[in-house]
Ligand code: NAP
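The chain below stands alone and is given as structure tokens, in the form predicted alone.
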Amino acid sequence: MTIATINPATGETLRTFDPLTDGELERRLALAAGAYAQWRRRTVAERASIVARAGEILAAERDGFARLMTTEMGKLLTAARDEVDKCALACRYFADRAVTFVAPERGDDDGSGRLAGEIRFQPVGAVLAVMPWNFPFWQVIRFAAPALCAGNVGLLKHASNVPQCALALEDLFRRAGAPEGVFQALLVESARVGGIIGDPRVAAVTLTGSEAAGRSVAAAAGHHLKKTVLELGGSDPFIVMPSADLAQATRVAVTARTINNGQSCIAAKRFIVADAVADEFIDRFAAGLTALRIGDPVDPETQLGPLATPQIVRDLADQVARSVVAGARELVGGGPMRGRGSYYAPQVLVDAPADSPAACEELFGPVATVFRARDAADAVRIANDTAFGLGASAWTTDRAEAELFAESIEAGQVFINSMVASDPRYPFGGVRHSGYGRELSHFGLREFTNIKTIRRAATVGPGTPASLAPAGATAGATTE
């Protein structure tokens, strides 16, 4: 697999990289192990100050980092700047709260005074992060900021088409003051990930990517009994009911489908609209998508840039073609665009059969599938008729409908009258084929900690701890 920067707006190869040799990889793993032995002994406040400094560097050098993302994977420059801002915010958030998030908690005791309980949150070691190209800074920072604050060290295996982003992130933490080995980018082929997972110096793995990648990483980690957190994308529903502000819902729907040029795990992909407003919604939605200005992602007037690679264009076109063969109708015609770059014009499909790719696979690009629902209950049925369960957006001003959607949609997050978005303050992740585990918030920080129980026994008599007293002396105690 080539590790290279190929500008998706032009198709030009700008820079290539040689993968690490086995010897170089060994040195980096040894360095991580040594760094962890020292890093974990630093106070939480000391570790947090370095993460905070990383956030300051991100804010100060925002435009340079943004341009690098745009060059490597085609993100609109305006969106890339927003991504850097979000990364800086996350660094500040975890730096400000790390001491609280890992502070020991007092456990409930049995009321006898003989046993006192405490819960501690301690680091586990080197965490391997297998990260995707679509949010090349944000995906990494949302893992790294909490993991490093908790006392872990990071090993980044980034996507092969964003190597300069990977190296920039390694340099970011170095310049922020992290000791050598605390955060390293590993420029290696995907085929070598299994071997890295199996190395005893790697304690855990986090991956954001495809179902296939998730299965592969989970299998390797499971074989070696190592903790994993997986975020595997989705086919998020976007529900519109008759009581919704249709104009607002439609405007957001266009953005929700085309955010990051349509390449977002939490982008809305299946639009489920009540029969009463379906025709009007479809007309407005189709008009909004076809009006988008497609072009150079650096141009501030551009609203839709290229897809990240030519292969993504081919895969998306194939999914659409197979859906049409299965019975879906193409309401708005688009598809691969002629000329340089990996551009793809928006498409809207209707009447997609339940077993067609448009209904049951994740479409990673500006293709929307619209479904009609009889009522709120039918909308929930359609929303849940998927193997995924990452996010969902529902638009209604009816309180009962809003509660039905919040309670009944099977997803990691449900947004009412707003677009799905990740936020450092709230846990992020999915269910079913969208993965397991959580990132962000204190839940995310604690995913890669040893949640350790400590029980201290008071003395029963001189030199006799309660744990050694005769049976029955500590009523209510159990062995597990």
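On a predicted model such as this, the values are computed, not experimentally measured, just so you know. Residues carry their position along the shown sequence, with the first being 1.
The form predicted in complex with the named molecule exists for this protein as well; it is not shown, and the discussion that follows is about that form.
The named molecule in the predicted bound form comes within 4.5 Å of no heavy atom belonging to Pro123. When contacts are judged by a 4.5 Å heavy atom cut-off, Glu362 counts as touching the named molecule in the predicted bound form. Contact annotation: Gln303 falls outside 4.5 Å of the named molecule in the predicted bound form, judged by heavy atom distances. Using a 4.5 Å cutoff between non-hydrogen atoms, Arg257 does not count as a contact of the named molecule in the predicted bound form.
Though the named molecule is absent from this view, in the predicted bound form it lies within 4.5 Å of a heavy atom of just one residue from Leu307, Leu76, Val130, Leu186, which is Val130. Residue Phe428 is the only one of Phe448, Phe428, Phe65, Tyr36 with a heavy atom lying within 4.5 Å of the named molecule in the predicted bound form.
With the named molecule left out of view, the stretch that reaches within 4.5 Å of it through heavy atoms in the predicted bound form is, among 401-409, 159-167, 291-299, 344-352, 159-167. In the predicted bound form, the named molecule lies within 4.5 angstroms of at least one heavy atom of each of the following residues of 222-243: Glu231, Leu232, Gly233, Gly234, in sequence order.
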